[in-house]
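Take a look at this one chain, the form predicted alone, written out in structure tokens.
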Amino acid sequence: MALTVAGSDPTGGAGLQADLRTFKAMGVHGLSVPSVLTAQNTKGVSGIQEIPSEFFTEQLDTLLEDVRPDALKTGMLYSPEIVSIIAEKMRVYSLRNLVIDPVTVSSTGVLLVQEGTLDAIKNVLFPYARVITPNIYEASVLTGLRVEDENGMKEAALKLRDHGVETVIITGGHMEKKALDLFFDGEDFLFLENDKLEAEFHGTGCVFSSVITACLALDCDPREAFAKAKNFVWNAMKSGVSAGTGMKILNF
């Protein structure tokens, strides 16, 4: 079983809805706890509604007292308080195989975190992570480096791993000419590349990190999970569908 702690996306293209779709496609039962609600469509995010920390805690405790996931992932975490609650539950319930997708902005540029949240994720939650999956923009924000090419990705991966993370995966789908992703486990750098598709897609980071999570729940190692996630997302993008008038949604 795999748990997603993420924002709700009414389109199903991203957020916990996309995570649950991905878990099912990977043959893993999905559990979910919403961390925040959004009003959005394929054109963008128009509103964000926080979930009270007391109820967020109750959701996690009620679930984890009864059901224990084999792996879990975090997506959109809106406040430092929510981040601290998740870190506490990692300790209390001895949870393992945490995948962190450090969401910062939407695909259309809307800020999705309160001030201080990314610092909390980096300093409080990263030490519990088996895998983190920032894109090049998120890696830049988290490290203070300018991540634009392969060397920049390597530098950022080294710096991010210093926060106690076991494996760093930096996705480069936002690079101009190619879709290049980096895997770093402290020993080896591994790059995987695909041709860049000329379209805008919604939820690629969510689906990518969900495949990683599902693979860890199935006892795959992170390197194998990385290759499977790269292939899964690439195929889902190639067959992407236009559910609305904005970005395409991955099809799988």
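In this text the structure is predicted, and so the values were computed from the model without any measurement. Start at 1 and count along the sequence shown; that's the residue number.
There is also a form predicted together with a small molecule; it is not shown, and the following applies to it.
For the marked spot (7, 14 and 206), a heavy atom within 4.5 Å of the small molecule in the predicted complex is present in each of the three residues. Screening 214-222, 35-43, 182-190, 60-68 for residues having heavy atoms within 4.5 Å of the small molecule in the predicted complex returns a single hit, 35-43. When contacts are judged by a 4.5 Å heavy atom cut-off, residue 103 counts as touching the small molecule in the predicted complex.
Contact annotation for residue 142: none of its heavy atoms lies within 4.5 Å of the small molecule in the predicted complex.
Contact annotation: residue 76 falls within 4.5 Å of the small molecule in the predicted complex, judged by heavy atom distances. Taking the partner from the other structure, the small molecule in the predicted complex has a heavy atom within 4.5 Å of a heavy atom of residue 112.
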